[in-house]
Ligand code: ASP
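One chain comes next, on its own, written out as structure tokens in the form predicted alone.
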């Protein structure tokens, strides 16, 4: 039986699904999935689409558990032979986190594209309809298969493991610092210029949610670490400076966490470059690594946190866990 290929659009909410409410004088969730599609008439020329409404939530309301639930839903959808790919509409604030978690856990190599909007339908020149159109075209593209989860916004295509939100209001907010987009959507075709290397899969039956991120600033001490140790959390991710170095006053807190059996993963607060054991002074990465801190490479703090949540669902001991973070 030959089934016509289709793209499934899974809606989760965000600005792309909001309208201005005169009563509250604010932008609120209001647009349904079918209404989103109806606002993009050129979709009819691209191919058949099906809409699945997962939620209509602002993206700060999306949790890692919901992201994992969306992944399970997509696994079912992508297994259908008539589905060419999936588009997920999402709020911009946590979109990069959902995209990264999906990239780690999804089983299919079919295209999965996340898209969003920075301007609601109530604003002049809303960007949602064009972004949906470009995302659907990418999901239909054979060249998108095997590229991993993609973020398609502003006619650019970004890899989930590299992309981040860079501006609070500008439509050109998503960027892949240092690397740039993997491709773009032109008027007549979808064009890829490179592949994102180093992708991996971590596919536990469940994720461990009690993992926390601490961002360090000049003069940080170990107060937040000791709070988390007292709470007996399952994991801590630290955003250090530069190569990953931390203030000396932070070190006792890291030592306390490790002594309590809480894994500590170290990343950097800068947008480009790796955490690396270069410096040997107190708070430098060399002594931190020697005491058992795991290095997250180029990964941002928010993405390293999600990776740790997934890895804790599989790792049976510290050595198992280290393999997920010490890879080149």
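Numbering follows the first chain given and starts at 1. None of these values were measured; they are calculated from a predicted model.
One more form of this protein, predicted in complex with ligand ASP, exists but is not displayed; see below.
Participant: Judged by heavy atoms and a 4.5 Å cut-off, are 33, 53 and 114 together in contact with ligand ASP in the predicted bound form?
Facilitator: Heavy-atom distance to ligand ASP in the predicted bound form: none of the three under 4.5 Å.
Participant: Could you spot which one of 118, 134, 144, 236 gets a heavy atom to within 4.5 Å of ligand ASP in the predicted bound form?
Facilitator: It is 118 that has a heavy atom within 4.5 Å of the partner.
Participant: Would you kindly say which of 18, 306, 10, 312 lies with a heavy atom within 4.5 Å of ligand ASP in the predicted bound form?
Facilitator: In short, 18.
Participant: Does any part of residue 123 reach within 4.5 Å of ligand ASP in the predicted bound form? Heavy atoms only, please.
Facilitator: Residue-level check for residue 123: no, no contact with ligand ASP.
Participant: Just to confirm, residue 59 within 4.5 Å of ligand ASP in the predicted bound form by heavy atoms?
Facilitator: Looking in the predicted bound form, residue contacts with ligand ASP include residue 59, since a heavy atom lies within 4.5 Å.
Participant: Can any non-hydrogen atom of residue 91 be found within 4.5 angstroms of ligand ASP in the predicted bound form?
Facilitator: Close contact exists here: in the predicted bound form, residue 91 approaches ligand ASP to within 4.5 Å, heavy atoms only.
Participant: Tell me the stretch among 286-294, 39-47, 59-67, 264-272 that has any heavy atom within 4.5 angstroms of ligand ASP in the predicted bound form.
Facilitator: This holds for exactly one stretch, 59-67.
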